[in-house]
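The chain that follows stands alone, in the form predicted alone, written as structure tokens.
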Amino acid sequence: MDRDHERIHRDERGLRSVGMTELQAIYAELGLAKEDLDILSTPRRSLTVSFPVKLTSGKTQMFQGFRVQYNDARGPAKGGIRFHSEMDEPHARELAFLMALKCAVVNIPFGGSKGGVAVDPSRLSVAELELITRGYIRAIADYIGPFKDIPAPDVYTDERTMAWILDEYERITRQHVPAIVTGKPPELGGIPARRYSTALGGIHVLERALKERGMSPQGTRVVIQGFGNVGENMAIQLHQRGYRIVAVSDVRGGLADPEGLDIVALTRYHQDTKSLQGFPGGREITNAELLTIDCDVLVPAALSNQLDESNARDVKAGIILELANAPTTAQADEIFFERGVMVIPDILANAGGVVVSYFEWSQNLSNDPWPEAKVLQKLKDLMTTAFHDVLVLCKGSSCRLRKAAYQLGVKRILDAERLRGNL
């Protein structure tokens, strides 16, 4: 677990300027005024809190937490809570900005936020993690709420963490407030589809991209880097739809079979062993090899900065679907654009999770649970519409999908600010 924490921090450092770099790149093209840029580059609220927790050892330790609410012109802030030893305010600020753009791109009424606690969960018991979660929520309780800022799971937090947050917030406010947090257990008002919504949203976008290129799902060869919750769910659902998964990987390495891996057997093996290594149904490969395997679609669903100028020209996929955060560097993005590779950017491709979180929030406010079929249909509608909106903008200006997605998100945020009289 310690190595996993270090790896996530190291590989997500690329996030710390990705959003602002892209914003600066499109500044002149959008004809933004200085006041536009000021609003976009400055968070509305940034909190740093310190709080004491009496651990199970009997000792009291101080912890530091963060919450950045980037923009709320289009609705209450929305974003995850992560527990990580290297969590800090600048990282929260960058991720909150990307969340604001993501919500605007898929056109749901949220702003962007992000936060967490500087802590290494691997060194703590479950009881201590609960105490820290509750202490953090007590410290920021005045600044969150169903119409202010709605947390969700992120790195090293999950449904159980969200249940603790819900309970602590309700203790503080002395009222029933299920809409305070999303990604909850279904028994507390969560939506079961939230568990696989990021993968499913990505599939809806991918299928629109295939249609745009005159391709069909049947037999389309897919490579997936990452076999965590998102990657594994992606493999399962693509397999069920007739795609051929020719390679997958986790942090230790991967497996490849040009005829297609047996995904049913592989997922069963992975659930039993927590590893892909040793599975008899494929050739073992490295993560570096996986990225350049001959395929139609490459799905980075693991770490940041995996596709860069050193390997971009060797990638054989015609479509790259970014389910990870910032898996493609700016240099690689330009190379892919020159080569005609369609890169579906993370702020569009992996937005399915926040879309279903929006549905969960809406249901909690109305106390009217939706049938699963309605959740899945509305997810498809929003994701395909978002792809269409980005594609139209891209065709109109002959630009990369990433640039078009940023332009769309920025335009919608600034439109809201203007309507409010802030510009």
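Only the largest set of C-alpha atoms that superpose within 1.5 Å between the two forms is called the rigid core. Here the structure is a predicted model, which is why all the values come from computation and not from measurement. Don't overthink the numbering: it's just position in the shown sequence, from 1.
The following text describes the form predicted together with nicotinamide-adenine-dinucleotide, which does not appear among the structures shown.
Just one listed stretch, out of 173 to 181, 227 to 235, 312 to 320, 124 to 132, contacts nicotinamide-adenine-dinucleotide in the predicted complex at the 4.5 Å heavy atom level, and that stretch is 227 to 235. Among heavy atoms of N287, some come within 4.5 Å of nicotinamide-adenine-dinucleotide in the predicted complex. Within 4.5 Å of any heavy atom of nicotinamide-adenine-dinucleotide in the predicted complex lies no heavy atom of R74.
In the predicted complex, nicotinamide-adenine-dinucleotide sits within 4.5 Å of a heavy atom of D154. Using a 4.5 Å cutoff between non-hydrogen atoms, D250 counts as a contact of nicotinamide-adenine-dinucleotide in the predicted complex. A324 is the sole member of C295, L307, A324, M87 with a non-hydrogen atom within 4.5 Å of nicotinamide-adenine-dinucleotide in the predicted complex. Of the residues given (A301, L348, A100, A92), A301 alone sits with a heavy atom within 4.5 Å of nicotinamide-adenine-dinucleotide in the predicted complex.
Scanning 58 to 92 for heavy atoms within 4.5 Å of nicotinamide-adenine-dinucleotide in the predicted complex gives just one residue, R82. Core-aligned CA deviation for G228 between this form and the one not shown: 2 Å or greater.
Once both forms are overlaid on the rigid core, the distance between the two CA positions of K274 between this form and the one not shown is 2 angstroms or more. A302 shows a C-alpha shift of 2 Å or greater between this form and the one not shown [criterion: core-superposed Cα displacement of 2 Å].
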